[in-house]
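A single chain, nothing else alongside it, follows as structure tokens in the form predicted on its own.
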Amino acid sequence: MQLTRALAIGLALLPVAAHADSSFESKVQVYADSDHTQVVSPTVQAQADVTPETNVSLGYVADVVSSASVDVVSQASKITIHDTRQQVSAGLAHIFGSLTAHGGYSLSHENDYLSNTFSVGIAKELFEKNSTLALGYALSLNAVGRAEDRNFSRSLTVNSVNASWTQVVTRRLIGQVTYELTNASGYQASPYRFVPVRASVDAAPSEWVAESDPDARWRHAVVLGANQAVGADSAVQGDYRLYHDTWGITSHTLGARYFTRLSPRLELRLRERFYTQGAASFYQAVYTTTQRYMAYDRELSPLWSETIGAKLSYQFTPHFEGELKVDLFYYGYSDFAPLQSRTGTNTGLGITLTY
């Protein structure tokens, strides 16, 4: 969905921390699921302190996609798509005493989508550096097209703001609360999905109608998180996210991570994520008549998912680190006829150089 893609681009513009070591990262991630979708994503990221107070970063990521999922089924005709999304990003951060300001830009392009995203933010240390207040804003300008159709052109504008408060509770416990507000205005359906109009799930469609979603969407989210040190070489992180939007979707996300050092050079991270949501107010498993808003989108149906994963990081030298991660996931769809469930893996391999 276009909104999801635009938000993902915006979230890639994370603030760059000044006084960080200069570093270079190179990673490749491979996604595969039971819905006939594979994505290979090579990534490179570099950052450097140009002055003691100023840090710059540059990044590049590509998503090489091959898919024959239900999202690319048009009027019951199976097809396989091949596409590549490329994104470049740049960031700048500067420290002004106890205040850090940062900004970023990202350009993302594929054969039917163009996105320009700008972000700015500030972070202020308070109360002898025991508290941090951070504010951020991002603007994403998106042009939506359709492959092999030059007459199809739509726009999508996404504005998002966020505020967070991070608090040192004890020497071993840190807590954080974050609020996110996002407004999307413009085309938010898929130009490739068509919705069947039929008497029942098993009936033959009387016609296929282009998917249509509301042009406006407000999204609200509150995130509560904590990081607790355990023993000398371990830590536990947990978070809960409550989300609601004006399309009627309410979701809950629970996440947990455990970090432990198996040896002076080897670190293990275990993670778990549970997600559940209700359906959009206009979503129906079956549309018996043509309506103003019609969606054939599993992401707007009731669903739940479970993800578990592990990552190993090994410090070969003081300036060279490698990592290997594997995630397993399951998605269940209780009211989406074309797909009842989806399973898959997300694996990654990467290196980091610091100097």
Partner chain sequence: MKASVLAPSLVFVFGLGLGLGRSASAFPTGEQFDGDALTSDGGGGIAFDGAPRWSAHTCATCHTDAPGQIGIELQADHAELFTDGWKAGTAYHLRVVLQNEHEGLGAAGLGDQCGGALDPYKPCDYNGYAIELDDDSGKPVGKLAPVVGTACAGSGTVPSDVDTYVLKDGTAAMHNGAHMAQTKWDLCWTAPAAGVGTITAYIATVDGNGGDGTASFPNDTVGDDVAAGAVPLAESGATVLTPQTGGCAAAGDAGLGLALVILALAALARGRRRRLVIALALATAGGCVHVHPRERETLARRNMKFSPDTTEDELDLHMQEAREGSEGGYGTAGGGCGCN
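These figures come from a predicted structure and were not determined experimentally. Residue numbers count along the first chain shown, from 1.
Form predicted in complex with the partner chain: not shown, discussed below.
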Heavy atom of each of N130, E267 and Y331 within 4.5 Å of the partner chain in the predicted bound form: yes
May I ask you to choose, among G145, G175, G103, P205, the residue with a heavy atom within 4.5 Å of the partner chain in the predicted bound form? G175
Residue (of N159, Q237, S281, S155) lying close to the partner chain in the predicted bound form, criterion heavy atoms within 4.5 Å: Q237
Would you point out which of 113-121, 257-265, 206-214, 146-154 contains residues with a non-hydrogen atom within 4.5 Å of the partner chain in the predicted bound form? 257-265
Residue contact check: E323 to the partner chain in the predicted bound form, 4.5 Å heavy atom: yes
H36, heavy atom within 4.5 angstroms of the partner chain in the predicted bound form: no
S251: touches the partner chain in the predicted bound form, heavy atom cutoff 4.5 angstroms: yes
Within 4.5 Å, heavy atoms only: does N227 come near the partner chain in the predicted bound form? yes
Taking the partner chain in the predicted bound form, which residues along 159-188 bring a heavy atom to within 4.5 Å of it? N162, S164, W165, T166, Q167, V168, V169, T170, R171, R172, L173, I174, G175, Q176, T178, E180
